[in-house]
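Before any questions on how it binds or moves, here is one chain, the form predicted on its own, in structure tokens.
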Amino acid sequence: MKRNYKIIVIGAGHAGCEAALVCAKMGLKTLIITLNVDSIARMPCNPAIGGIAKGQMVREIDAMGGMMGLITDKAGIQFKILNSSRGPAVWSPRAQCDKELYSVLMSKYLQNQQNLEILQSEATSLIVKNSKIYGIKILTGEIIETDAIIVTTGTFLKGTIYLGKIYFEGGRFNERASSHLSKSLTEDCGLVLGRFKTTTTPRINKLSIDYSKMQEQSGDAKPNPFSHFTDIESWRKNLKQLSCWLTYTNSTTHKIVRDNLTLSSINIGKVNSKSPRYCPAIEEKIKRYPEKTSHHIFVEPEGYNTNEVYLNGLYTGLPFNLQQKMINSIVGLENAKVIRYGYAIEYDYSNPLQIKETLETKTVENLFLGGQINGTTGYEEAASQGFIAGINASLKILGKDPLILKRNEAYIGILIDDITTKGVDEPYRMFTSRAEYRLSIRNDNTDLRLMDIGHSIGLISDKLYKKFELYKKTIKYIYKKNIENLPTDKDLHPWSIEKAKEEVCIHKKYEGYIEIQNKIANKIKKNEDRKIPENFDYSKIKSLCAETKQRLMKVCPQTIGQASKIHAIKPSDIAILTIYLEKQKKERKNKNIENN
């Protein structure tokens, strides 16, 4: 008898876990397929969640009913608010995690989730009929039928690992790659794939480090959890924070790297693809910034029950012997012993211009893509896409309207809008500087912005939502200085009166600026929301240059707002397009009058 599921998720990294949990919570029979069940939600690079703008996205996922924030609170070993010396609009939470505990906890949630099954296997091809998903074929040859598929393969699509001049197939070190699916995505689904690369750092034994020569980087004295649903007082009481440490590269380190650049795997073999601009290999940093005499190296613990320490900032593709030499040249690491060496990895990705804002592909109906397969980098960017892909795949199966977050609603909306309208030519990473509405989409008000959405699609329980509604009323009372009949903290839990007062204080600080921002946004929005007819023929607009026409036809924007965000599209192009659409509208109106 053939197996059948409503939705199949391929890949169990951060995107896949969020996608699968969402689909199952929305009542759909879901299957998640992973190459290795022991690697669910693995953190192959830095075991940290959050950071500049990334922390905002984690809180947005949490506000709508996702799991990354809650798991981080349970597995975190150090919590900090970045940018705390600046205004609340750019405060960004970050947590160092126990990487093994994070993986175990997420795996447990998947195993316990109703409507969700886990299968260790490899998806070798997608079954497509009449440009619509029908099912998948796995390594054993079995065909599993489904209504929708979400592909969240991370770095595993034809992954190749490079260790100096040596290279071999692998999705992560000691884990095999997904060798067959790329062919199906191109031949069966009509997608164009490219290659990106990234590097990771060596891990060393903490017992071989001289911490007395380094600067201690402790967590916040009064840490804040990611999840709105974490009991903050008991959590703080039980949290045992571990310190990170700061040291620097030096002229000796740089000479070792510079003298051996030709031996690094980022410059030889087949690794000729783009790497992340904002967390480059040490080889790339030294080439790019020859005037710098040192670079930060953050020495970060990987968990409570391991001696492994992560060298954040020392991403490398150098051969093993040179990695050891480079590490020992750094202050405090003179006698450091390497447990795992760093390596480079190259993998296939799909240009995100081939997906809609819902994350469904334009070539195959009910095929959704989420995470690094869309050309992004980072656990948080991946989880955000997996979460939205899961929601939209489920909503489509249920016959409901999709969820499309706007740029003034969420950082997740900015991420998806950016990649689906501008595409990527290097791995995409989120920053607060990308958010033109950052005064109003802060980390402190993610619940106020997005929890209504989570409740409306069934991811936030009625019981919690009633507490949230009371919290919103409390904020209004405090804002109007009507504080005589405020509820108790017990009534508000997991929110509190203190939290409500803080929210009012921050809102009042930005209120005037937000009002100006919203006026400008509303003015722009009137034109941005203007629809462009489906299958619109841009070739008929003679005033547009050939390159502009090609870019518009490649993206097929649904609105003027989307068209304006496409890479290299000028304001004058948008003006021409708007005038043409208005002209067409008048011609249709006059024609209707004549016919009547």
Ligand SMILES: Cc1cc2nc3c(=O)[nH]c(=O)nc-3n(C[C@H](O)[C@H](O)[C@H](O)COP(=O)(O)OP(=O)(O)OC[C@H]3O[C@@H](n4cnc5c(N)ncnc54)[C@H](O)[C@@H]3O)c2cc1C
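Note that residue numbering follows the sequence shown and begins at 1. The structure displayed is predicted, hence computed values, not measured ones.
What follows is about the form predicted together with this ligand, which we do not show.
- The putative spot formed by Gln96, Met106 and Pro202 is not touched by this ligand in the predicted bound form; no residue has a non-hydrogen atom within 4.5 angstroms of it.
- The stretch that touches this ligand in the predicted bound form, counting heavy atoms within 4.5 Å, is 176-184, out of 404-412, 176-184, 476-484, 500-508.
- Proximity to this ligand in the predicted bound form, defined as a heavy atom within 4.5 Å, holds among Ile345, Leu110, Leu314, Leu369 only for Ile345.
- The contact residue chosen from Ile33, Val555, Leu544, Leu28 relative to this ligand in the predicted bound form is Ile33, the criterion being a non-hydrogen atom within 4.5 angstroms.
- Put simply, Thr153 is close to this ligand in the predicted bound form: some heavy atom of it is within 4.5 Å.
- This ligand is not drawn, but in the predicted bound form it has no heavy atom within 4.5 Å of Ala20.
- Among residues of the shown chain, Gly378 is one whose heavy atoms approach this ligand to within 4.5 Å in the predicted bound form.
- For the chain shown alone, Ser121 is a contact residue for this ligand in the predicted bound form, at least one non-hydrogen atom being within 4.5 angstroms.
- Taking this ligand as positioned in the predicted bound form, the residues of 11-26 that bring a heavy atom within 4.5 Å of it are, in sequence order, Gly11, Ala12, Gly13, His14, Ala15, Gly16.
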